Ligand code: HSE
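For reference, the chain that follows is the form predicted alone, supplied as C-alpha coordinates.
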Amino acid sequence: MKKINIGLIGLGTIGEGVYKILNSRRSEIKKSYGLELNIKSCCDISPNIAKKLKIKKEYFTNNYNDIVFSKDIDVVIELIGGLKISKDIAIKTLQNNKHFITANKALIAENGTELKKIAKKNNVKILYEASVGGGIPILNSIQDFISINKIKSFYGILNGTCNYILTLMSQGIEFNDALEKAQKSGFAEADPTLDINGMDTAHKVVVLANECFGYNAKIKDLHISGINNISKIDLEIAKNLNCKIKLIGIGKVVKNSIDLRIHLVMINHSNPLANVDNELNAVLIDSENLGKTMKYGFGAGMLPTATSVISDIVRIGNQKEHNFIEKKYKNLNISNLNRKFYIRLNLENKAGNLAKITSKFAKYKINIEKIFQNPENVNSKYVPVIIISKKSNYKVINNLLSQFDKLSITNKKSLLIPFEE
(Lines give C-alpha, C1' and ligand atoms only; values in the text may rest on other atoms or scores of the structure.)
Protein backbone atom coordinates (compact mmCIF):
# COMPACT_ATOMS: atom_id res chain seq x y z
CA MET A 1 0.00 0.00 0.00
CA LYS A 2 1.54 3.29 -1.11
CA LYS A 3 1.14 6.17 1.35
CA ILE A 4 0.98 9.80 0.18
CA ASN A 5 1.05 12.65 2.70
CA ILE A 6 -0.66 15.80 1.47
CA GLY A 7 -0.26 19.46 2.36
CA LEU A 8 -3.32 21.53 1.37
CA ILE A 9 -2.82 25.30 0.96
CA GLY A 10 -6.04 27.27 0.57
CA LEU A 11 -9.32 26.19 2.12
CA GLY A 12 -11.68 28.25 0.00
CA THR A 13 -14.41 26.70 -2.12
CA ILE A 14 -12.18 24.20 -3.99
CA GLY A 15 -9.94 23.51 -0.98
CA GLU A 16 -12.97 22.69 1.14
CA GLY A 17 -14.18 20.33 -1.59
CA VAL A 18 -10.80 18.55 -1.73
CA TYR A 19 -10.77 18.15 2.05
CA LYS A 20 -14.30 16.76 2.12
CA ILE A 21 -13.80 14.28 -0.74
CA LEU A 22 -10.49 12.98 0.61
CA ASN A 23 -12.07 12.35 3.99
CA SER A 24 -15.26 10.79 2.66
CA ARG A 25 -13.72 8.67 -0.12
CA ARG A 26 -10.46 7.59 1.52
CA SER A 27 -11.39 3.90 1.80
CA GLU A 28 -12.73 3.73 -1.79
CA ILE A 29 -9.51 5.30 -3.14
CA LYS A 30 -7.47 2.83 -1.11
CA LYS A 31 -9.40 -0.13 -2.55
CA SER A 32 -9.46 1.11 -6.14
CA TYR A 33 -5.91 2.46 -6.50
CA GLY A 34 -3.93 0.96 -3.65
CA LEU A 35 -3.18 4.45 -2.34
CA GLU A 36 -3.47 5.72 1.21
CA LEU A 37 -4.02 9.49 0.93
CA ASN A 38 -3.48 11.40 4.18
CA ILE A 39 -4.01 15.12 4.68
CA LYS A 40 -1.01 15.86 6.86
CA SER A 41 -1.45 19.64 7.12
CA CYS A 42 -3.80 22.41 5.97
CA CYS A 43 -3.05 26.10 5.54
CA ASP A 44 -5.30 29.12 5.23
CA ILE A 45 -5.03 32.79 6.15
CA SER A 46 -8.19 32.46 8.26
CA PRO A 47 -8.76 29.92 11.04
CA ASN A 48 -12.54 30.07 10.59
CA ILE A 49 -12.67 27.47 7.83
CA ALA A 50 -10.55 25.13 9.99
CA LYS A 51 -13.19 25.38 12.70
CA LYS A 52 -15.94 24.77 10.16
CA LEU A 53 -14.20 21.64 8.84
CA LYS A 54 -13.24 20.54 12.37
CA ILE A 55 -9.53 20.43 11.56
CA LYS A 56 -7.45 19.87 14.69
CA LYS A 57 -4.97 22.60 15.65
CA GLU A 58 -1.95 20.35 15.12
CA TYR A 59 -3.01 19.86 11.48
CA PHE A 60 -3.57 23.55 10.68
CA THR A 61 -1.26 26.51 10.00
CA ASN A 62 -1.57 30.01 8.56
CA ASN A 63 2.02 29.92 7.21
CA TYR A 64 2.44 28.02 3.92
CA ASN A 65 6.19 27.64 4.56
CA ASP A 66 5.31 25.16 7.31
CA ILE A 67 3.97 22.91 4.56
CA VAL A 68 6.44 23.45 1.70
CA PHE A 69 9.45 22.86 3.99
CA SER A 70 7.94 19.93 5.93
CA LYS A 71 9.86 16.65 5.60
CA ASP A 72 6.65 14.68 6.21
CA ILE A 73 4.75 15.91 3.13
CA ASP A 74 4.97 14.34 -0.35
CA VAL A 75 2.46 16.44 -2.32
CA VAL A 76 1.53 20.12 -1.96
CA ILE A 77 -1.81 21.33 -3.33
CA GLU A 78 -2.06 25.10 -3.96
CA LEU A 79 -5.61 26.48 -4.18
CA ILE A 80 -5.22 30.15 -3.24
CA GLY A 81 -5.14 31.64 -6.76
CA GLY A 82 -3.29 34.78 -7.82
CA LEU A 83 0.28 34.86 -9.08
CA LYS A 84 2.95 36.17 -6.70
CA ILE A 85 2.36 34.01 -3.60
CA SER A 86 1.27 30.96 -5.61
CA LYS A 87 4.48 31.12 -7.67
CA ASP A 88 6.55 31.31 -4.48
CA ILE A 89 4.71 28.26 -3.13
CA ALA A 90 5.24 26.36 -6.39
CA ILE A 91 8.98 27.06 -6.63
CA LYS A 92 9.66 26.24 -2.98
CA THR A 93 7.59 23.06 -3.22
CA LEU A 94 9.39 21.77 -6.30
CA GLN A 95 12.84 22.75 -5.05
CA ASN A 96 12.13 20.82 -1.86
CA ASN A 97 11.46 17.66 -3.89
CA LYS A 98 7.71 17.63 -3.43
CA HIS A 99 5.09 17.12 -6.13
CA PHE A 100 2.94 20.19 -6.85
CA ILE A 101 -0.76 20.28 -7.80
CA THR A 102 -2.75 23.41 -8.59
CA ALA A 103 -6.02 24.62 -10.10
CA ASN A 104 -4.45 28.01 -10.86
CA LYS A 105 -4.68 28.62 -14.63
CA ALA A 106 -3.02 32.06 -14.44
CA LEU A 107 -0.01 30.56 -12.65
CA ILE A 108 0.41 27.82 -15.27
CA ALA A 109 -0.25 30.15 -18.22
CA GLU A 110 2.30 32.71 -17.03
CA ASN A 111 4.92 30.45 -15.41
CA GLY A 112 4.20 26.88 -16.50
CA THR A 113 7.34 26.37 -18.61
CA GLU A 114 9.63 27.66 -15.86
CA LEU A 115 7.95 25.51 -13.22
CA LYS A 116 8.13 22.39 -15.40
CA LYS A 117 11.88 22.85 -15.75
CA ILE A 118 12.27 23.12 -11.96
CA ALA A 119 10.10 20.02 -11.50
CA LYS A 120 12.18 18.02 -14.00
CA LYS A 121 15.45 19.12 -12.36
CA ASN A 122 14.19 17.91 -8.98
CA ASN A 123 12.60 14.72 -10.33
CA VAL A 124 9.08 15.65 -9.17
CA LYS A 125 5.80 16.35 -10.95
CA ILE A 126 3.64 19.40 -11.50
CA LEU A 127 -0.01 18.68 -12.34
CA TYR A 128 -2.91 21.05 -13.03
CA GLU A 129 -5.90 19.13 -14.43
CA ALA A 130 -8.37 21.48 -12.69
CA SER A 131 -6.87 24.62 -14.27
CA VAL A 132 -8.66 24.37 -17.63
CA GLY A 133 -12.00 22.58 -17.46
CA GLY A 134 -12.70 22.49 -13.74
CA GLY A 135 -14.35 19.09 -13.39
CA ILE A 136 -13.85 18.08 -17.04
CA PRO A 137 -11.02 15.51 -17.36
CA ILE A 138 -9.35 17.12 -20.35
CA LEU A 139 -5.59 17.56 -19.74
CA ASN A 140 -4.88 14.05 -18.52
CA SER A 141 -6.85 12.67 -21.47
CA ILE A 142 -4.71 14.70 -23.87
CA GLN A 143 -1.51 13.54 -22.17
CA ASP A 144 -2.59 9.90 -22.34
CA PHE A 145 -2.99 9.84 -26.14
CA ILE A 146 -0.83 12.72 -27.40
CA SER A 147 2.14 10.47 -28.25
CA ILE A 148 0.06 8.29 -30.60
CA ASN A 149 -2.47 10.83 -31.85
CA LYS A 150 -1.59 14.23 -33.30
CA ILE A 151 -4.00 17.01 -32.30
CA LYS A 152 -4.90 19.43 -35.09
CA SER A 153 -7.16 21.87 -33.25
CA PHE A 154 -9.25 22.62 -30.18
CA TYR A 155 -12.32 24.82 -29.74
CA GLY A 156 -13.45 25.43 -26.19
CA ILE A 157 -16.26 27.03 -24.22
CA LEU A 158 -14.02 27.58 -21.22
CA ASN A 159 -15.76 30.12 -19.03
CA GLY A 160 -19.01 29.20 -17.27
CA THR A 161 -19.80 32.81 -16.34
CA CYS A 162 -19.81 33.99 -19.95
CA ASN A 163 -21.69 30.94 -21.17
CA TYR A 164 -24.36 31.39 -18.50
CA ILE A 165 -24.79 35.08 -19.38
CA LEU A 166 -25.04 34.35 -23.12
CA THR A 167 -27.62 31.63 -22.43
CA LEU A 168 -29.79 34.05 -20.45
CA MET A 169 -29.41 36.72 -23.14
CA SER A 170 -30.59 34.24 -25.79
CA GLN A 171 -33.79 34.06 -23.72
CA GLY A 172 -34.32 37.83 -24.08
CA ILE A 173 -32.48 39.18 -21.00
CA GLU A 174 -30.12 42.15 -21.40
CA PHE A 175 -26.44 41.89 -20.43
CA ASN A 176 -26.53 43.74 -17.08
CA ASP A 177 -29.56 41.80 -15.85
CA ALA A 178 -28.02 38.51 -16.96
CA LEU A 179 -24.75 39.35 -15.17
CA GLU A 180 -26.63 40.22 -11.98
CA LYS A 181 -28.52 36.92 -12.11
CA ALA A 182 -25.24 35.04 -12.70
CA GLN A 183 -23.76 36.69 -9.59
CA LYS A 184 -26.81 35.87 -7.48
CA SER A 185 -26.71 32.26 -8.71
CA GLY A 186 -23.03 31.94 -7.80
CA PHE A 187 -21.84 31.58 -11.41
CA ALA A 188 -20.08 34.97 -11.48
CA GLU A 189 -17.70 36.68 -9.06
CA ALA A 190 -18.47 40.01 -7.40
CA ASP A 191 -15.83 41.39 -9.80
CA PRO A 192 -16.35 39.41 -13.03
CA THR A 193 -13.88 41.46 -15.11
CA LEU A 194 -11.45 38.63 -15.93
CA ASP A 195 -14.36 36.44 -17.00
CA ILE A 196 -16.25 38.83 -19.26
CA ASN A 197 -13.19 40.43 -20.89
CA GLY A 198 -11.93 37.02 -22.05
CA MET A 199 -8.77 36.89 -19.92
CA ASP A 200 -9.84 33.83 -17.92
CA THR A 201 -10.44 31.95 -21.17
CA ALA A 202 -7.10 33.20 -22.53
CA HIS A 203 -5.17 31.65 -19.63
CA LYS A 204 -6.87 28.33 -20.35
CA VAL A 205 -6.07 28.57 -24.07
CA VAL A 206 -2.39 29.07 -23.22
CA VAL A 207 -2.43 25.93 -21.05
CA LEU A 208 -4.25 23.91 -23.73
CA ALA A 209 -1.87 25.09 -26.47
CA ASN A 210 1.01 23.86 -24.36
CA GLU A 211 -0.57 20.45 -23.79
CA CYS A 212 -1.99 19.92 -27.29
CA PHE A 213 0.80 21.36 -29.42
CA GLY A 214 3.84 21.66 -27.13
CA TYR A 215 3.74 25.41 -27.77
CA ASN A 216 4.78 27.90 -25.09
CA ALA A 217 2.26 30.64 -25.90
CA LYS A 218 2.39 34.12 -24.41
CA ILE A 219 -0.76 35.98 -23.37
CA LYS A 220 0.47 39.14 -25.12
CA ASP A 221 0.55 37.32 -28.47
CA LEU A 222 -3.11 36.24 -28.36
CA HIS A 223 -6.10 38.06 -29.77
CA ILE A 224 -8.39 38.41 -26.73
CA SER A 225 -11.87 39.91 -26.57
CA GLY A 226 -14.84 39.14 -24.35
CA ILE A 227 -18.58 39.62 -24.16
CA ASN A 228 -18.56 43.25 -22.94
CA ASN A 229 -20.22 44.68 -26.05
CA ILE A 230 -22.92 42.06 -26.59
CA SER A 231 -26.64 42.91 -26.64
CA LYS A 232 -29.75 40.75 -26.59
CA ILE A 233 -30.55 41.78 -30.19
CA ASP A 234 -27.37 39.98 -31.29
CA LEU A 235 -28.65 36.74 -29.74
CA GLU A 236 -32.05 37.30 -31.36
CA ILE A 237 -30.54 37.75 -34.82
CA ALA A 238 -28.32 34.71 -34.25
CA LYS A 239 -31.44 32.63 -33.60
CA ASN A 240 -32.94 34.00 -36.83
CA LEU A 241 -29.80 32.77 -38.63
CA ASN A 242 -30.08 29.29 -37.05
CA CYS A 243 -26.95 30.07 -35.04
CA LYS A 244 -25.76 30.71 -31.49
CA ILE A 245 -23.20 33.17 -30.20
CA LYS A 246 -20.53 31.71 -27.90
CA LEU A 247 -17.26 32.92 -26.40
CA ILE A 248 -14.74 30.43 -27.76
CA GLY A 249 -11.06 29.78 -27.10
CA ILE A 250 -9.47 28.52 -30.30
CA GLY A 251 -6.18 26.74 -30.98
CA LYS A 252 -5.29 25.43 -34.40
CA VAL A 253 -2.08 24.34 -36.12
CA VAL A 254 -1.85 25.24 -39.81
CA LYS A 255 1.34 23.78 -41.32
CA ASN A 256 4.16 25.53 -39.39
CA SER A 257 1.91 28.23 -37.92
CA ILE A 258 -0.39 28.37 -34.93
CA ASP A 259 -3.71 30.20 -34.63
CA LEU A 260 -4.65 31.11 -31.04
CA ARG A 261 -7.53 33.48 -30.26
CA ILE A 262 -10.38 34.17 -27.85
CA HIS A 263 -13.51 35.97 -29.02
CA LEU A 264 -17.23 35.69 -29.69
CA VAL A 265 -18.14 33.46 -32.61
CA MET A 266 -21.31 32.73 -34.52
CA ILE A 267 -21.77 28.95 -34.79
CA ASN A 268 -24.47 26.92 -36.50
CA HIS A 269 -26.91 24.88 -34.39
CA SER A 270 -25.40 21.73 -35.93
CA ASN A 271 -22.08 22.43 -34.18
CA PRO A 272 -21.95 20.38 -30.92
CA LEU A 273 -20.66 23.43 -29.02
CA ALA A 274 -23.91 25.24 -29.84
CA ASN A 275 -25.75 22.92 -27.44
CA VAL A 276 -23.46 23.69 -24.48
CA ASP A 277 -25.52 26.12 -22.39
CA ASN A 278 -25.74 27.70 -18.94
CA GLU A 279 -22.65 27.26 -16.72
CA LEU A 280 -21.41 24.18 -18.59
CA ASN A 281 -18.07 24.08 -20.39
CA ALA A 282 -16.83 21.94 -23.29
CA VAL A 283 -13.71 21.35 -25.37
CA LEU A 284 -13.98 20.02 -28.94
CA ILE A 285 -10.73 18.43 -30.10
CA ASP A 286 -9.92 17.39 -33.65
CA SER A 287 -7.10 14.84 -33.98
CA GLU A 288 -5.70 12.71 -36.78
CA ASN A 289 -6.66 9.28 -35.45
CA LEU A 290 -9.84 10.00 -33.49
CA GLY A 291 -11.36 12.80 -35.53
CA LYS A 292 -13.59 15.13 -33.51
CA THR A 293 -14.22 14.33 -29.84
CA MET A 294 -15.78 16.53 -27.17
CA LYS A 295 -15.32 16.71 -23.41
CA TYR A 296 -18.32 18.28 -21.70
CA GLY A 297 -19.29 19.09 -18.12
CA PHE A 298 -19.10 21.52 -15.22
CA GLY A 299 -16.18 23.90 -15.62
CA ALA A 300 -16.31 25.18 -12.07
CA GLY A 301 -17.80 24.50 -8.66
CA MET A 302 -16.58 22.98 -5.43
CA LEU A 303 -16.93 19.26 -6.03
CA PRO A 304 -16.27 19.04 -9.82
CA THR A 305 -13.03 21.03 -9.55
CA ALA A 306 -11.97 19.24 -6.35
CA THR A 307 -12.47 15.93 -8.16
CA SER A 308 -9.97 16.99 -10.83
CA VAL A 309 -7.47 18.00 -8.14
CA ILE A 310 -7.76 14.58 -6.49
CA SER A 311 -7.38 12.83 -9.87
CA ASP A 312 -3.95 14.47 -10.05
CA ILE A 313 -2.99 12.99 -6.66
CA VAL A 314 -3.99 9.54 -7.93
CA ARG A 315 -1.99 10.16 -11.11
CA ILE A 316 1.11 10.91 -9.01
CA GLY A 317 0.50 7.76 -6.97
CA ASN A 318 0.28 5.68 -10.14
CA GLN A 319 3.51 7.23 -11.50
CA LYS A 320 2.00 8.37 -14.80
CA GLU A 321 4.20 10.95 -16.46
CA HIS A 322 4.00 13.14 -19.55
CA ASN A 323 7.27 14.17 -21.20
CA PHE A 324 6.88 17.74 -22.45
CA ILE A 325 8.48 18.49 -25.84
CA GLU A 326 8.50 22.18 -26.68
CA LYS A 327 7.82 23.12 -30.32
CA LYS A 328 8.18 26.32 -32.30
CA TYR A 329 5.46 27.80 -34.48
CA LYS A 330 4.88 31.05 -36.28
CA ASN A 331 1.96 33.02 -34.79
CA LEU A 332 -1.02 33.55 -37.07
CA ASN A 333 -2.57 36.96 -36.45
CA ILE A 334 -6.35 37.32 -36.47
CA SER A 335 -5.90 39.88 -39.27
CA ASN A 336 -5.37 36.86 -41.59
CA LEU A 337 -8.81 35.46 -40.75
CA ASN A 338 -11.16 35.10 -43.73
CA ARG A 339 -14.77 34.45 -42.74
CA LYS A 340 -18.34 35.61 -43.07
CA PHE A 341 -18.94 38.29 -40.43
CA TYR A 342 -21.80 39.51 -38.28
CA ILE A 343 -21.62 43.32 -37.90
CA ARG A 344 -23.77 45.50 -35.65
CA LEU A 345 -23.82 49.27 -35.94
CA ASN A 346 -25.90 51.75 -33.97
CA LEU A 347 -26.98 54.05 -36.77
CA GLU A 348 -28.72 57.43 -36.59
CA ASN A 349 -32.32 56.87 -37.67
CA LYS A 350 -32.24 59.23 -40.61
CA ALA A 351 -32.92 58.81 -44.33
CA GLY A 352 -29.79 58.20 -46.40
CA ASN A 353 -27.57 57.01 -43.55
CA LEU A 354 -27.80 53.33 -44.43
CA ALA A 355 -26.86 54.15 -48.03
CA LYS A 356 -23.75 55.97 -46.75
CA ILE A 357 -22.77 52.86 -44.80
CA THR A 358 -23.35 50.39 -47.64
CA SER A 359 -21.43 52.58 -50.08
CA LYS A 360 -18.40 52.29 -47.76
CA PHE A 361 -18.72 48.51 -47.90
CA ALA A 362 -18.69 48.74 -51.70
CA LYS A 363 -15.60 50.98 -51.60
CA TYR A 364 -13.77 48.36 -49.52
CA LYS A 365 -15.04 45.60 -51.87
CA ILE A 366 -16.90 43.83 -49.05
CA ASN A 367 -20.00 42.04 -50.31
CA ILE A 368 -23.15 42.18 -48.17
CA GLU A 369 -25.29 39.07 -47.80
CA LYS A 370 -28.09 40.36 -45.52
CA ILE A 371 -29.18 43.48 -43.64
CA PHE A 372 -31.44 43.49 -40.55
CA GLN A 373 -33.03 46.52 -38.89
CA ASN A 374 -34.86 46.29 -35.59
CA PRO A 375 -38.52 47.34 -36.14
CA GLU A 376 -39.06 47.78 -32.38
CA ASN A 377 -36.77 50.82 -32.37
CA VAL A 378 -38.14 52.76 -35.36
CA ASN A 379 -38.91 55.81 -33.19
CA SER A 380 -35.47 55.90 -31.54
CA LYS A 381 -32.77 58.38 -32.54
CA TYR A 382 -30.32 55.54 -33.10
CA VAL A 383 -31.28 52.04 -34.24
CA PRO A 384 -29.25 48.83 -34.40
CA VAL A 385 -28.43 47.81 -37.96
CA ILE A 386 -27.04 44.32 -38.52
CA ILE A 387 -25.07 43.49 -41.64
CA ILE A 388 -24.00 39.97 -42.59
CA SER A 389 -21.01 40.09 -44.91
CA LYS A 390 -19.96 37.43 -47.35
CA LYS A 391 -16.53 35.89 -46.82
CA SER A 392 -14.11 38.74 -46.16
CA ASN A 393 -10.84 39.54 -44.43
CA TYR A 394 -10.90 40.46 -40.72
CA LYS A 395 -8.33 43.24 -41.06
CA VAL A 396 -10.20 44.93 -43.92
CA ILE A 397 -13.56 44.81 -42.11
CA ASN A 398 -12.05 45.91 -38.80
CA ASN A 399 -10.43 48.92 -40.49
CA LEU A 400 -13.78 49.83 -42.03
CA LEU A 401 -15.61 49.56 -38.69
CA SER A 402 -13.03 51.74 -36.94
CA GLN A 403 -13.97 54.47 -39.44
CA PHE A 404 -17.69 53.97 -38.77
CA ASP A 405 -17.09 54.34 -35.02
CA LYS A 406 -15.78 57.88 -35.61
CA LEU A 407 -18.77 59.03 -37.67
CA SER A 408 -21.47 61.31 -36.21
CA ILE A 409 -24.17 59.07 -37.70
CA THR A 410 -23.22 56.21 -35.35
CA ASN A 411 -23.03 55.90 -31.58
CA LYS A 412 -21.60 53.12 -29.41
CA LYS A 413 -18.82 50.85 -30.56
CA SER A 414 -19.64 48.54 -33.45
CA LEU A 415 -19.66 44.78 -32.89
CA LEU A 416 -17.84 42.30 -35.13
CA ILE A 417 -18.34 38.52 -34.80
CA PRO A 418 -16.93 35.96 -37.24
CA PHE A 419 -18.91 32.91 -38.31
CA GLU A 420 -16.75 29.99 -37.23
CA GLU A 421 -16.79 26.85 -39.35
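Quantities reported herein were computed from a predicted structural model and do not represent experimental measurements. Residues carry their position along the shown sequence, with the first being 1.
Only in words, not in the display: the form predicted together with the named molecule, which the text now covers.
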query: Exercise: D234 in contact with the named molecule in the predicted complex, heavy atom 4.5 Å; finding: no
query: Contact test in the predicted complex: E288 vs the named molecule, heavy atoms, 4.5 Å; finding: no
query: Distance check, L158 to the named molecule in the predicted complex, heavy atom within 4.5 Å; finding: yes
query: Any non-hydrogen atom of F187 within 4.5 angstroms of the named molecule in the predicted complex; finding: yes
query: Heavy atom contact within 4.5 Å of the named molecule in the predicted complex, the stretch among 212-220, 257-265, 75-83, 158-166; finding: 158-166
query: Contact residue in the predicted complex, chosen from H99, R315, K246, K105 - any heavy atom within 4.5 Å of the named molecule; finding: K105
query: Contact residue in the predicted complex, from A300, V207, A178, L273 (heavy atom within 4.5 Å of the named molecule); finding: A300
